[in-house]
Ligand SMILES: Cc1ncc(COP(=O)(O)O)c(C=O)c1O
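Presented below, as structure tokens, is a lone chain in the form predicted on its own.
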Amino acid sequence: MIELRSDNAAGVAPDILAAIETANTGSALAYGGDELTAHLQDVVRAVFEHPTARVFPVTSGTAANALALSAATPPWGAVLCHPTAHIIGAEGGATSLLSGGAVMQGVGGEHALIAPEQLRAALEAVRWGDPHESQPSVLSLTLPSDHGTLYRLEQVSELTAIAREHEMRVHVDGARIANAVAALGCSPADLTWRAGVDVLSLGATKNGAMSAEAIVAFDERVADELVYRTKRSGHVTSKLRFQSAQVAAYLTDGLWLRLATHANDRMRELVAELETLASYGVRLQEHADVNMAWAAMPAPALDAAAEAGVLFYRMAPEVARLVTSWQTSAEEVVEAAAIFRDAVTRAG
């Protein structure tokens, strides 16, 4: 079987397993009172070049998003995001639950990215100060998008500037933020707080961690709320050092970017092969900026590829979502490409 369903189906990176093993020595204070959690704060501040950033390890991406957003918006607020965003379509209303009622509202744009003109139009249509209408409080950007596309640095800055005109905070769902940083070749700081981002859901599990995500707050007021919200929601685990150890190892010596670059490179190789099959009806629905591609091809070809051992999510009868990971090998890409080629030529 060739695993292309999702990067969270991959195993744990050896360096992170080693960090967990090292943390499993002796005893340590519970609930984040340990040296590893204190060390993680220093690591995050160095990586993001922000002297007062604060990090809160949690156990899932849903928790990271919902808690980050709940700390940034009042219960009567609205979170604006693209209609394809994970927070609006795949997290069971977690943000509304943990925030006490905030709603998600979609703002469109091509390529699964919010368009500045559509964001402006949405905000201009709001009845500001009217208690009958949820008040937009946070702009949430998924980076990269759930379709594998990227905002460029200037696009992030433009969108955050529009949000600032209405005193809104800005959140980034960074489940695959390492893939975005690696693909853009920028610094983590340039893609986040320097571009106007207040709080980041820092993904790790999809890129080699075992059971750790984190929230990085650049806004002190958001951080102060997270102290209580993470505890109240059950995400200050008693042995928090094991989450902290994972995130610290992940961010140390560029491990997160090396793992993400590997995944991005494997997808680039796979896309290059798929693009040679255009005459057989194969096409990419979006440009694959990172380690994810949505590929359209005849339904019989997808049936045949699945039967031949390629694992993928079928988003529609003729659309497959393909995702590479830190664990995907170049040999697996070659084999998957050969299976797809055989499947489409037979179907055609």
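Counting begins at 1, following the sequence as shown. Values in this document were obtained by computation on a predicted structure and should not be read as measured data.
Keep in mind the form predicted together with the ligand is missing from the figure; the text below concerns it.
The listed set 243, 142, 73, 207 contains one residue whose heavy atoms approach the ligand in the model of the complex to within 4.5 Å, identified as 142. Checking 175, 259, 159, 248 for any heavy atom within 4.5 Å of the ligand in the model of the complex turns up a single hit: 175. By the criterion of a heavy atom within 4.5 Å, residue 86 is counted among the residues contacting the ligand in the model of the complex. Not displayed here, the ligand is kept clear of residue 219 by more than 4.5 Å at the level of heavy atoms in the model of the complex. Within this chain, residue 32 is remote from the site of the ligand in the model of the complex, having no heavy atom within 4.5 Å.
In the model of the complex, none of the heavy atoms of residue 291 sits within 4.5 Å of a heavy atom of the ligand. You can rule out all but one of 234-242, 175-183, 268-276, 148-156: in the model of the complex, only 175-183 has residues with a heavy atom within 4.5 Å of the ligand. With contact defined as any non-hydrogen atom lying within 4.5 angstroms of the ligand in the model of the complex, the contacting residues in 35-61 are 60, 61, given in sequence order.
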